[in-house]
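One chain comes next, on its own, written as structure tokens: the form predicted on its own.
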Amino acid sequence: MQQRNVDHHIIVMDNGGGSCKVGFAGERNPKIIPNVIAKAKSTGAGVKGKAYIGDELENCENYSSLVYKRPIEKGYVVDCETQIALWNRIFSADVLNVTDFADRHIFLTHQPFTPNIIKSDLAQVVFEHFGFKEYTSLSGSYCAFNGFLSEHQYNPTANPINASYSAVVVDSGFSFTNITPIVNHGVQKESIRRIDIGGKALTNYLKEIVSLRYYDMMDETYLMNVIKERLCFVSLDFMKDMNIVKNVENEIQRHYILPDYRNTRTGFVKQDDVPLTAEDQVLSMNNERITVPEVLFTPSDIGSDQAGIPEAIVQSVSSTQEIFQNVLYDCILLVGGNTCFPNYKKRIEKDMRKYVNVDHNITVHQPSDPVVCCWRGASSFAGSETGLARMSSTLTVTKKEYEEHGSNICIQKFSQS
């Protein structure tokens, strides 16, 4: 795609369950804003706790016992009022500094099988509340695929994609994991597979097992998510590592110094050569480091009867036409926040071999930044001459069209991807 200059009239947004990635068409890097309103618990005597909207959470001095309100559940916007409050913050002078919507175009990514009622509600927010001039929505998986392709523009040494422009996009984020085959730039909707496990479920699982074994952490969502991201990793041989952690002292165990909210707000991993002080409160992480991410591969560990990621990839590819399967196995693209777990890519490669015939070549790719890959793809698409032409002809609804046809025109156009 021939890239254009940054277009400040097109706002590009990957509105995820954990964070909202947002910026202008043609930009390389988005702003990443927590997609949540967090509120401190009341301090008593009628004093209400302070609320933190989106990026304001960074200014919170004490993350202990925050109460969270999220507009997105299971990957879909279910609370438009909360989402509007967050977008108001994003559009404010402190973030994007956008006030005039009447001449602006918004580009939103969407998840597969979004219910029509949710598409209708979002269209109402876009056109009736904010008053945008134009609205485009495209599959998040397709945008991630395009984001990986766009890396060639900035990094000539990036892994080359196959000539057919086909891939299996494995998007494992905050709310869920989607497996989406793309053939010749076309999303194969009938072969999409979804696993209802994402980063939120993993953090909740860590809270439960730590609360059962050590300290009560059920109200410490923010802290436990930080600890998960800093200490958990995917085991390449789970049963072997589980035998290792049975020993009192082992190479997997790490100690985490919990925050005192005076010197540190999130705590830190204890270094072996640094002695403990009398004030240090320590959380020992042993088998928890591997059992939490293992849920992505064995969902039955938390009572789910769904397949793990490698098996779901095989189910997805096997449901496509046989002539496409070789090329799809040869390009598996991993995106989303869970991709950042150490060894995640290696484990996918290893486990895939158990299910796939040796005649198939398995190649797994990971973009330079799996978290923003989807947004970068959307930005590249909206910032290119080819993408802009396609948006104008088939993927965009104008405010005039919305006023004439209602939300049905959005449902009709956006269902194409």
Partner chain sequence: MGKKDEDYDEDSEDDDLEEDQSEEEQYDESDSDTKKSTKRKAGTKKKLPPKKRANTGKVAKNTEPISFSFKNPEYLKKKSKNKKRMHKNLKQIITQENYQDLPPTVPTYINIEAPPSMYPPKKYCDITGLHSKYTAPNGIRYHSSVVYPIVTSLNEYRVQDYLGLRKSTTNIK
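Residue numbers count along the first chain shown, from 1. Because the structure is predicted, anything quoted here is derived from the model rather than measured.
Omitted from view is the form predicted together with the partner chain, to which the following refers.
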query	finding
In the predicted bound form, the residue from N184, Q281, S300, S284 that sits within 4.5 Å of the partner chain by heavy atoms	S300
Contact residue in the predicted bound form, from V269, I323, V274, L212 (heavy atom within 4.5 Å of the partner chain)	L212
Contact label in the predicted bound form: A93 to the partner chain, heavy atom within 4.5 Å	no
Proximity of E249 to the partner chain in the predicted bound form, heavy atoms at 4.5 Å	no
Residue contact check: K41 to the partner chain in the predicted bound form, 4.5 Å heavy atom	yes
Contact flag, P115 vs the partner chain in the predicted bound form, heavy atom cut 4.5 Å	yes
Contact test, all of Y76, N204 and M242, partner the partner chain in the predicted bound form, heavy atom 4.5 Å	yes
Among 165-173, 204-212, 257-265, 140-148, the region lying within 4.5 Å of the partner chain in the predicted bound form by heavy atom distance	204-212
Any residue of 12-36 that, in the predicted bound form, places a heavy atom within 4.5 Å of the partner chain	none
